[in-house]
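Heads up, the chain below is alone and in the form predicted on its own; it's given as structure tokens.
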């Protein structure tokens, strides 16, 4: 009985209830929601964001944040497009674009892990800097005309009715869950996020773990940027602009503490489903993109405030119990 009660208190349980409520609301709002093609589109239209949310989960559990991911997505796509535009084979451009993402992640990781600067400041600077590189690459132009095989990766199914982006997400999610929850590296990620100094004394190679996470974040962001280019068939300097809001919201709404050390990929997966269904439902009833962004912003605020309020309430209850116990002991004397 107690185990069942504890299960109901879990954040993931609450998210599952919210998810079911969101689905039922969408069904009531629009009959088009149950169309099988709608479920594919639900993922397809945000697939690049949810791919990057996986590595962002690791980063935030580790006690850091990466606000530059959307800019790295745009930068990688623009580098690939620019190289193709000047005659470089697209395959070579893809490799260079992925390498640029890894390099950007390593640059972020150096300043955070080695120098010790706050990741918020470092990646905020990266948000501006990498976006600047993207705009320099293309200026005000749009570059497209990529080979058909490349566009097919983002637009045509590669496994049943699933596009490459959805297949990549499923693989990364499963691999990420195993690494985070079933490996020594995952335990190191949690340990550093909970108490960095204690992790150092325990022999955890903190710098190596953080560098690995930021490099992985940069590479996955670059991959997501290439998937955007394939899906749209063209690239501009503002590609993926503002995506970091949705990505961070998915992770925090999933129960990952902004202070690090706690959270699960299961919770993040449920948060992804909630946000995708919210956006999909609002689109089906013709709510504008700006209003959708406002709703996601409110969710981001609540995802930070509600856990803090919960901890504050728990602390208050514990203090009241201790005070009552002390008063009871005093009465017995």
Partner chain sequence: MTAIRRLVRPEQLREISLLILIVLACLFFSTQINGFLSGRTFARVSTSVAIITVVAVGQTLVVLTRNIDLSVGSIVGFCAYFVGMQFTFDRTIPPAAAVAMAIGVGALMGGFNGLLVAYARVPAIIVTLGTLAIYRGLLVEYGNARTVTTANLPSWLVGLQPTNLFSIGDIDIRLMAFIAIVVVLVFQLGLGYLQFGRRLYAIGSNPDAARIAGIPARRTVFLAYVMCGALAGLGGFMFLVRFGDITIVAAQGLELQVVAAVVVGGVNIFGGSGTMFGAMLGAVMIGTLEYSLTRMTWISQFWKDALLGGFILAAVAADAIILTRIRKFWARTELTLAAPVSETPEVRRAAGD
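Model, not experiment: these values are computed from the prediction. Numbering follows the first chain given and starts at 1.
Only in words, not in the display: the form predicted together with its partner chain, which the text now covers.
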Which one of 209, 133, 83, 216 is close to its partner chain in the predicted bound form, taking close to mean a heavy atom within 4.5 Å?
133
Which pick from 103, 128, 171, 96 sits with a heavy atom within 4.5 Å of its partner chain in the predicted bound form?
128
Candidate stretches 107-115, 83-91, 160-168, 216-224, one within 4.5 Å of its partner chain in the predicted bound form by heavy atom:
107-115
I'd like to know whether residue 29 contacts its partner chain in the predicted bound form, with contact meaning heavy atoms within 4.5 angstroms.
no
Classify residue 122 as contacting or not contacting its partner chain in the predicted bound form by the rule of any non-hydrogen atom within 4.5 angstroms, answering yes or no.
yes
Does any heavy atom of residue 258 come within 4.5 Å of a heavy atom of its partner chain in the predicted bound form?
yes
In the predicted bound form, does residue 252 come within 4.5 Å of its partner chain, counting heavy atoms only?
yes
Partner contacts for 25-42, taking its partner chain in the predicted bound form and a 4.5 Å heavy atom cut-off:
none
